[in-house]
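Here's a solo chain for you in structure tokens, the form predicted on its own.
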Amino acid sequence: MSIGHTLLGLLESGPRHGYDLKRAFDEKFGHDRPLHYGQVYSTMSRLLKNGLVEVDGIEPGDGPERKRYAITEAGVTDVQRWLATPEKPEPYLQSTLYTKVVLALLTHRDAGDILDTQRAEHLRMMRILTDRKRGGDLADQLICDHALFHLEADLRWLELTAARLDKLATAVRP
């Protein structure tokens, strides 16, 4: 996820302080990974330097002065371009799991155990996500569905690979 573009998009509804941006980000997107304040302010500093935001006002606070940021026209254009650009599909052609299976076969370890352990971990995560989905709002349900669909695809790969371990062992061993 592009933190900068996300913060810019949040600014389109109106000027905000860094604290408000962090709170809005965490509420909408940061359920599992809330932003650190330092990340917000370093990102805003970069966006300011690049002309994508401007300081709309400075107010005294309990600590340092609070800057209120507003998106510029260049920032709006940048967000629009980012939204219109499709994300690159991740084909996972060289996944860590595949590497572990092949290395297990090359070193005469039990690759089936690796696949079984991974299957158990995927199923554990799917149970967690399903529970979260049941209690979540629509946004949380959609996020969980996305993750669950990826985990289901991984499970299919795990089953297919387990069924082909002997052929794979023959193919990868010298």
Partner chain sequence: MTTTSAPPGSLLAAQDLRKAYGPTTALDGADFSIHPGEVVAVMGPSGSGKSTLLHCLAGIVPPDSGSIRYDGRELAGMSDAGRSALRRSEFGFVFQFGQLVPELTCVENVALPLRLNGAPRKEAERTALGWMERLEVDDLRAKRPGEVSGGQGQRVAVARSLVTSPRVVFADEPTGALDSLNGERVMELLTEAARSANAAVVLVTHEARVAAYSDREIVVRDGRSRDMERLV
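Positions refer to the first chain, counted from 1. We call the rigid core whatever largest set of C-alpha positions still superposes within 1.5 Å between the two forms. No experiment lies behind these values; they were computed from the predicted model shown.
Below: the form predicted together with the partner chain, not depicted.
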Answer with yes or no whether F149 is in contact with the partner chain in the model of the complex, where contact means some heavy atom within 4.5 Å. yes
I58: touches the partner chain in the model of the complex, heavy atom cutoff 4.5 angstroms: no
Does the 4.5 Å heavy atom contact test between D26 and the partner chain in the model of the complex come out positive? no
Does the partner chain get within 4.5 angstroms of any non-hydrogen atom of G136 in the model of the complex? no
Exactly one of H36, R127, R33, K49 comes within 4.5 Å of the partner chain in the model of the complex through a heavy atom, and that residue is R127
Residue within 4.5 Å of the partner chain in the model of the complex by heavy atom, from R109, R132, R119, R66, is R119
Using a 4.5 Å heavy atom cut-off, are L123, E159 and A162 all in contact with the partner chain in the model of the complex? yes
Which one, 101-109, 141-149, 66-74, 38-46, holds residues whose non-hydrogen atoms are within 4.5 Å of the partner chain in the model of the complex? 141-149
By the 2 angstroms cut-off, has the C-alpha of D110 moved between this form and the one not shown once the rigid core is superposed? yes
Once the core is aligned, please say if the CA of L165 is shifted by at least 2 angstroms between this form and the one not shown. yes
